[in-house]
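As a starting point, one isolated chain is supplied in structure tokens, in the form predicted alone.
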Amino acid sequence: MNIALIGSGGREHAICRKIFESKITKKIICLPGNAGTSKIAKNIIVDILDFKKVLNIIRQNQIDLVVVGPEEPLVKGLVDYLNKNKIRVFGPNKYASKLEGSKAFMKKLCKKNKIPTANFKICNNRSQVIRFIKKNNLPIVVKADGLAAGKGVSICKTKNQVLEISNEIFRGKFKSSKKLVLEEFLDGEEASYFIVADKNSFKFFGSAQDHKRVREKDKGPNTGGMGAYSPALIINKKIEYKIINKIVKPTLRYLKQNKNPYVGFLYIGLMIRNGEPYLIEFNVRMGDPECQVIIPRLKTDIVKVFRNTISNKLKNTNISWQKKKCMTIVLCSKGYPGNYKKNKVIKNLNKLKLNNNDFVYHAGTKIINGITFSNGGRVLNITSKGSNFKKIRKKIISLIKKINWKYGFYRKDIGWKVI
């Protein structure tokens, strides 16, 4: 099969590598890809939100299957556009993608279907915000309604902070929406649970725990993710049963009843409190960096999973996993998630001695004349598998030290709760 993969992050490099390992794969193109994908696929630079150009490239390259990595093209309707043009594509349509594209849509769905989630209020103006503050205890969580590249959530400890951040969103800080959701703060342990779904059924697709805050011990502002590990040991059989029956099944049933069945990866972001799972958020794709710790543990041919999903044959697909644990640490540009410099040379990557359990997934990178440069805030995902999280972390840190990139920084405490 000729496969096109949309996206340019660490998630896409991890998926690309797995597609590359498949016996079914003939050729891979990445739109636009990164320095890592360029080694195993053909990168084609294109604006992935220019659907017409994307379609032309897909036709020119005689692509049999398109896999969409990031959320924005999904939320903007790329799947609908390609389906209309008779292209086979893995990912949810525009309506189903509102699970991530609109926090208000997701919260209303929870209310209608009695899905456990934090108490909330959808707000369009300042007076609604003030009313919610009066009725609820601090801290209060402020969430921008639309997509915000992982930076639209703030946990506010004072009333002034709630008002200040709400005003920024009302004034249009995020292009996607001037609406917001206020939530009560849920204390507990976060975990991510993944499924893959076709129109009639779904299968488990791994669990992970991500580290969103930029600094050690989960301090500082939110980022797109500083590291992750899999599996999430907090999710036992009892909790998993509740996740499936209280969250996953009602959501899929609701979308199907609304004639927009969910197809693709679904990320269920959870807060586990006293053995009870509460839904924090849905993502309509694999997480990043969670994907980089789940995909290396997958034993089943990923192209088979994609193919069977879009053919509605997922029910009879056996998805199996390695028993090994996996962790990734993100090497970021200094200054991230604020201002950082791009176009810094990354030397020493070729000197790394990697075994079958080690991976370097590229995220914000590009190659110019055979030299690798940084091209984003999150630059590399150093990933390793093993039987013990502490030993895995030690191995990853030794690899990062060998890369010795003076323009970067990373968290040394990924997995601190489980270790």
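In this text, residue numbers run from 1 along the sequence as written. Computed from a predicted model, the values in this text were never measured in an experiment.
The form predicted in complex with adenosine monophosphate is left out here; the points below concern that form.
Although the partner is absent here, Y81 is not a contact residue: none of its heavy atoms lies within 4.5 angstroms of adenosine monophosphate in the model of the complex. Not displayed here, adenosine monophosphate is kept clear of I115 by more than 4.5 Å at the level of heavy atoms in the model of the complex. Not displayed here, adenosine monophosphate is approached by E184 to within 4.5 Å at the level of heavy atoms in the model of the complex. When adenosine monophosphate is considered in the model of the complex, V263 lies well away from it, no heavy atom lying within 4.5 Å. In the model of the complex, every residue of the candidate spot (V153, E190 and K212) has a heavy atom lying within 4.5 Å of adenosine monophosphate. In summary, among the residues D218, E168, E240, E281, the only one with a non-hydrogen atom within 4.5 Å of adenosine monophosphate in the model of the complex is E281.
Think of it this way: in the model of the complex, adenosine monophosphate has a heavy atom of just one of A104, I268, M271, A232 within 4.5 Å, and the residue is M271. With the partner left out here, adenosine monophosphate still marks one of 137 to 145, 159 to 167, 328 to 336, 195 to 203 in the model of the complex; by a 4.5 Å heavy atom cut-off that stretch is 137 to 145.
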